[in-house]
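Below you'll find only one chain, the form predicted on its own, shown as structure tokens.
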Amino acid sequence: MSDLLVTDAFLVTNDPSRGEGPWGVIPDGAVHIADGRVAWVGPSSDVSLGVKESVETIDAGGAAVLPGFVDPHTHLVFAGDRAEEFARRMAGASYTEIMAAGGGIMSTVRATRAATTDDLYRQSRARAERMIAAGTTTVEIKSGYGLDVATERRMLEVVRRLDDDLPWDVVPTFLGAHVVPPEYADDRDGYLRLIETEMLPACAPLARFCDVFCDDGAFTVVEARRIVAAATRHGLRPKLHAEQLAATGAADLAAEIGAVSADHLDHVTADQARRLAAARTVAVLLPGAALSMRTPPPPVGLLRDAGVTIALATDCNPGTSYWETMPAMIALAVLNFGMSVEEAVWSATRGGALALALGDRGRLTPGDIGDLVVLDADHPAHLAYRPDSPLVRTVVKAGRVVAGR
């Protein structure tokens, strides 16, 4: 943590009370970070001379400055890739067909189980460094490619190393309930017992959330409720993969249990959206997955009208969304999901923070973590307007420049 002053910025605070419009923009704004947290925001003309003389200063030169991106749904730790599977899907094979043939998630499970811990860390760190360079300052990372006690715990240990070794904050999530592995194909209840009696005791101390893939080909609503109940006894808060491949009732379960987030929601209904809003469950939308799987976008307008808080995430994984950067998700959300630029940027910053129950980030107000990005552009609209341009100039984590210039 360190002290930093950023001046002459088109400053997006994400606090409407501090500036113009829904972003709370201060057109010639400044932000002072002290001891790693935002100490002051306001017009550059109001910065005291004493502050200017005593801290490192970045003159943004009129560029847009935003809160650091928060990516609340990734499967970043894995081994291998599934490029051949991707080619088959693009040629017409369905994801269900590929999974039935032993591909899909299980292909990555086999590679991850076989990888050494050092190899798993090395491959994952390379992806992580690219994420940080593109402005991600807080990320959620799931397990779920082990599906046995030893590998699930090993994945979470790698997640912890990525948190310790790199300049960002990592939120670890246990996803032992990703799919039922082949060795339990004829004993689903046996796998549920393994999660309850062995996986959770081994993995819960390394995680903050428990996620369940509640969908066709994965876990039923009844099974998901059972897993979440066990995870809650171990102190983990619930999240759900919900309504992605089919309408299963997973969104209803998410509202019932007060899940912190329900993710995907491609098949969510108006009634379910109202329940999610009442439960204050955040909808995490994954534009990269929809594009990679050639599926229609989720009903963003329906969620918006119901008052559901929306977040964006990469869903970084080797099978259905091999995307790593949040600027790309902002572009896809605007161009493919019909979101406004203001909505997409908010969802990639403040929305992501709320999807992880982290109230002190995704916003630039006094007391918040001093995470921000400086763009090579004078307005955040360029993130969607110029989606193939590397527009993140500088990345700041807790008041320290960690990427860029």
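Numbers for residues come from their place in the sequence shown, where the first is 1. All of these numbers come straight from a predicted model, not from anything done at the bench.
From this point on, the text means the form predicted in complex with a small molecule, which you will not see here.
Asks: Between 253, 276, 105, 159, only one gets a heavy atom within 4.5 angstroms of the small molecule in the predicted complex; which residue is that?
Replies: The residue from 253, 276, 105, 159 that makes the contact is 105.
Asks: Tell me, which of 146, 288, 319, 327 has a heavy atom within 4.5 angstroms of the small molecule in the predicted complex?
Replies: Only one option qualifies, and that one is 319.
Asks: Given the small molecule in the predicted complex, answer whether the residues 349, 361 and 363 all have a heavy atom inside 4.5 Å of it.
Replies: None of them does, since no heavy atom lies within 4.5 Å of the partner.
Asks: Since only the chain is shown here, I'm wondering whether residue 95 would be in contact with the small molecule in the predicted complex (any heavy atom pair within 4.5 Å).
Replies: Contact check for residue 95: yes, within 4.5 Å of the small molecule in the predicted complex.
Asks: Can residue 82 be called a contact residue for the small molecule in the predicted complex at 4.5 Å between heavy atoms?
Replies: Because a heavy atom of residue 82 falls inside 4.5 Å of the small molecule in the predicted complex, the answer is yes.
Asks: Taking the shortest heavy atom distance, is residue 241 within 4.5 Å of the small molecule in the predicted complex?
Replies: Residue 241: contacts the small molecule in the predicted complex.
Asks: I'd like to check something about residue 213: if you look in the predicted complex, is any of its heavy atoms closer than or equal to 4.5 Å to a heavy atom of the small molecule?
Replies: Residue 213: contacts the small molecule in the predicted complex.
Asks: Quick one: which of 160 to 168, 70 to 78, 114 to 122, 303 to 311 gets within 4.5 Å of the small molecule in the predicted complex, going by heavy atoms?
Replies: Looking at the other structure, the answer is 70 to 78.
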